[in-house]
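Heads up, the chain below is alone and in the form predicted alone; it's given as structure tokens.
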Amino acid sequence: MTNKTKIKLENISYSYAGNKAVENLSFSLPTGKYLTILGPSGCGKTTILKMIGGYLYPTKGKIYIDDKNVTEMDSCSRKIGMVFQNYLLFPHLSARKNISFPLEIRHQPKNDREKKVDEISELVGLTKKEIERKPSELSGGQQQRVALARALIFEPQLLLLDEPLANLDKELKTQLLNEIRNLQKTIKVTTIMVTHDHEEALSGSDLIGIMNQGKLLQIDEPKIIYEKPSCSLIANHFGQANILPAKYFGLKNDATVLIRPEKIKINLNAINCTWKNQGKISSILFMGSHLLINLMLYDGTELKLLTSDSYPFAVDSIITIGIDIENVWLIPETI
């Protein structure tokens, strides 16, 4: 049984001073899913969040939440929690008061507010001492937890995360991203995060949407986007990629294909492949559990290979490679 659609964007567009920030964008997200929208700065991803949250109104198109048209509803009426990139915590209030604020403006009784603050604080990993401090007395990671608790305390129907980890170091970013994902699974809140970081997008997202210049290029499961991208831009966006003319493999003349480096077999493992060739190793990069090998074929074609083979590879040595045609992805280039 498929999940019910929580949110649907229908032909959404938005312009700043006549310049299109988002153009004719559509997608839907099932209840309880975690979508990451990935793209460079200025591609329109934060604008999408602001339109979903009710902070901006689209110049064209409609937004539905639980099949209800909310396009012209203000942000307070949408019951959506949002964590901004800079958290936007009230500096003069304690963490407890910051977290409690959404309940105060909804006039919930004080006893109920205090109980809910304690519960959500524990859930996001804040101690009783930490929630009595002001934001300036907290670390970046603790501030992020406060902002997350504030966004979740009133049980929103959607959680929006605008580059929530951008100001943190790599180790803390990884830790908090795992915590956010585990929390999202626990409370089953439908979540949309935007980021320019590929690793953040691949770390546990149910779906990834790729944006560029205001357009949504592809939205799908991470594995599908990695293995079957809709265009060369996306193919190069994730990991190492070999992009070659399709005719190189006897396929459509006017198209290009993707071969991921880990799909290329070497020496004895290449014997039974449907396509084989030889080339000279031009460089070898040690990557921990793998080697990234740059290979120059006799016709001048360059390929990248990723292998965990223990064979003693050396620069300028000749190796045989093989590719199974089913591992060659014909890029549609329909975007």
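Keep in mind that this is a model prediction, so the values were computed, not measured. In this text, residue numbers run from 1 along the sequence as written.
FYI, the form predicted in complex with a small molecule isn't displayed, but the following is about it.
- The small molecule is not shown here, but in the model of the complex it comes within 4.5 Å of a heavy atom of residue 44.
- Remark: residue 16 counts among the residues lining the small molecule in the model of the complex, judged by a heavy atom distance of 4.5 Å or less.
- Though the partner is left out of this view, residue 25 does not reach within 4.5 Å of the small molecule in the model of the complex, counting heavy atoms only.
- In the model of the complex, at least one heavy atom of residue 163 sits within 4.5 Å of the small molecule.
- Residues within 4.5 angstroms of the small molecule in the model of the complex, judged by any non-hydrogen atom, belong to 36 to 44 and to none of the other stretches in 36 to 44, 302 to 310, 62 to 70, 264 to 272.
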